[in-house]
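Below, in structure tokens: the form predicted alone, a single chain.
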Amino acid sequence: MELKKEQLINLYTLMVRTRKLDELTIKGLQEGKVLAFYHSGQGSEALAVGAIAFLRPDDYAWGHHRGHGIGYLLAKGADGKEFLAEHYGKATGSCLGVSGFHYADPELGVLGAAGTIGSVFPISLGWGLAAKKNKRQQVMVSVFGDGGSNRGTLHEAFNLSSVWKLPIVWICDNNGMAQFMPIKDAYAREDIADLAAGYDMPGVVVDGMDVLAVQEAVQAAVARARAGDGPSLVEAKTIRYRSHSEGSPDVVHNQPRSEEKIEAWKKRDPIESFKAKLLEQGMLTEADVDKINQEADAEMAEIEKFCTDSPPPDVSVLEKLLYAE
């Protein structure tokens, strides 16, 4: 579909906010305020925003561990306060500060975050089945990484989702690196999207650095799902700028990843590329860009203050979380 000016600007704004919240989370980790760990999502903002921004409010979304789902959450309508507060271990966090980094907001259709790579598949299958039984034409969008694509549960979930024609859009964030292993060491073919043919569903490869290309591919899959035609697989080729997790060595084959390659990849940065396109088309002005950046900076300052000022959870919350009321 052809997007209006305000929709294009919203996509750009969401990507800017996603990058800045990622940077703020890294800052919090470096300052000892983030209690657990963090897997930066810098480089995959176009995928997160393009995949989620045009879903209905009652659709389900499951982002994966890269960026701990920041872009998916913001695009679904969440604000960043509960996200970072959870990472700070504060009572105002999305899981009351006891999870360390997981996020869930059922009212937004954000169902949680997997604690192990690849566990997303059977859970997404269940929510896809719920969406079909609800008969409201809801869609389940489930995102996993290229490393997770080698889990056996993927095949079981792909098969049943196709047999039952569930309204699921499977999305693979293929940044070419599964922790320290290049995908080429673990997967025989060039494209993970090729798996779709084995389960009689469409499989497409898209440039994950291009938010409009992602949006177009995912919306086509969403339309197919809403029409009752079953699941689809979208593979987005992205780039991971930083190490698998902050503080861990960024290595491949026991050698540091090439800084020259990473810097070359950054020339295709999804935010800068989209900004240049919108400026060229006259959809944005330099003044608009400055305003969006200033507003995002102010938002981040507010989020940081909220998290710093929030109290830690009271021990009584543990009983509340263990027993149903």
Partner chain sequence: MKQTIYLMAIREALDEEMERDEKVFIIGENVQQGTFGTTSTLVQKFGPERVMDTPLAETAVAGAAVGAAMAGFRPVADMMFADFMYIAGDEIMIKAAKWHFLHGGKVSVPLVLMAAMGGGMKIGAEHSMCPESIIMHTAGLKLAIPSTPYDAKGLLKTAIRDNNPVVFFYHKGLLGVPGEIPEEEYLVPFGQADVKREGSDVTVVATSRMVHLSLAVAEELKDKVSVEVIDPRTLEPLDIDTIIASVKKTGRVVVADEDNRRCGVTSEIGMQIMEKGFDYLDAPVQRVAAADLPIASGFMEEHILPQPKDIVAAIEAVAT
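Only a predicted model underlies this, so the values are computations on that prediction, with no experimental measurement involved. Residue numbers count along the first chain shown, from 1.
Although not depicted, the form predicted in complex with the partner chain is the subject of the following passage.
Contact with the partner chain in the model of the complex holds for all three of Tyr60, Ser99 and Asn134, each having a heavy atom within 4.5 Å. Gly112 is the sole member of Gly148, Gly112, Gly89, Pro202 with a non-hydrogen atom within 4.5 Å of the partner chain in the model of the complex. The stretch among 178-186, 139-147, 121-129, 70-78 whose residues place heavy atoms within 4.5 Å of the partner chain in the model of the complex is 121-129. Heavy atoms of Glu235 never reach within 4.5 Å of the partner chain in the model of the complex, leaving it off the interface. Heavy atoms of Ser94 reach within 4.5 Å of the partner chain in the model of the complex, making it an interface residue. In the model of the complex, at least one heavy atom of Glu325 sits within 4.5 Å of the partner chain. Although the partner is absent here, Ala104 sits close enough that one of its heavy atoms falls within 4.5 Å of the partner chain in the model of the complex. Residues are counted as partner-facing when one of their heavy atoms sits within 4.5 Å of the partner chain in the model of the complex; in 152-178 these are Thr153, Glu156, Asn159, Leu160, Trp164, in sequence order.
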